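Just one chain follows, in the form predicted on its own, and it is written as structure tokens.
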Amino acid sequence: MAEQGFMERPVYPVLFIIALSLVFVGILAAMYRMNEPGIEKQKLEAYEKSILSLCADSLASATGISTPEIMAAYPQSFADYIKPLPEGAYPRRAFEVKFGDRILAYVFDITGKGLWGTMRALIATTPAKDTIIGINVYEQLETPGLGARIEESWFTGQFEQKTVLDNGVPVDFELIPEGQSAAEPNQIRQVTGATITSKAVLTMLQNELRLILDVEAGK
């Protein structure tokens, strides 16, 4: 019986696929390394623009410059009005929004646990930190079409101008069905089919507000 050549052996296709995969993985890794600085720059710009957008209306009221003009003036407008607070000032990254000597808002980078992983959001508050100016969920691993809808503007928009502190204690929000109108100030319409994720957003808000309050109280 004639001896089989190497390319005719059963192991050959397996080794060929492994080698081919390694080549493509290497190419992709090299391409990512080449483009990494640009990718990181785009991520930073998106992050800063998100902070700016949360406070743009407050800045417009204080400066007399329109909201679209403030957004169009990025990155100069970000540099002019928004300063990161020193590391360690709060348990999370925090930013101060000022016009002249007047503090207009604070922005906190908060985090919590969703159904499938960690979620992150930016929350802008009034200087007294008792009212939400805006919130933007910018990172989450929730189910597409269900829990991932917490990023949608109809959901995050419900928190705008919500009082979040009652005598120094975080307000308990109540979830109601998505199709129902809120009858009380503390009611939030949940995402249909994503009760756990909707609750996770409220839990994240309450937990992170308590951390901020603890810092304010010097605990």
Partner chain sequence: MNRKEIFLVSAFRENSVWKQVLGICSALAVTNLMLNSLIMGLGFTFALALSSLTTSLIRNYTPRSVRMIAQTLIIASYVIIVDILLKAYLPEISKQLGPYVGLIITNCILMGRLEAFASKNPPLDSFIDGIGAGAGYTLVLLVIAFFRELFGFGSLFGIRILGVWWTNWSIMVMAPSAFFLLAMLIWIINKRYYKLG
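Numbering follows the first chain given and starts at 1. Everything numeric in this text was worked out from a predicted model, so none of it was measured.
Although not depicted, the form predicted together with its partner chain is the subject of the following passage.
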Check for me: heavy atom within 4.5 Å of its partner chain in the predicted complex, for each of Ala60, Ile82 and Ala89, yes or no. no
My question is simply whether Gln42 lines the interface with its partner chain in the predicted complex - judged by any non-hydrogen atom within 4.5 Å. yes
In the predicted complex, does Gln180 come within 4.5 Å of its partner chain, counting heavy atoms only? no
Is Ala217 close to its partner chain in the predicted complex, meaning a heavy atom pair under 4.5 Å apart or at it? no
Heavy atom to heavy atom, is Tyr32 within 4.5 Å of its partner chain in the predicted complex? yes
Spot the stretch among 166-174, 22-30, 185-193, 66-74 with residues whose non-hydrogen atoms come within 4.5 Å of its partner chain in the predicted complex. 22-30
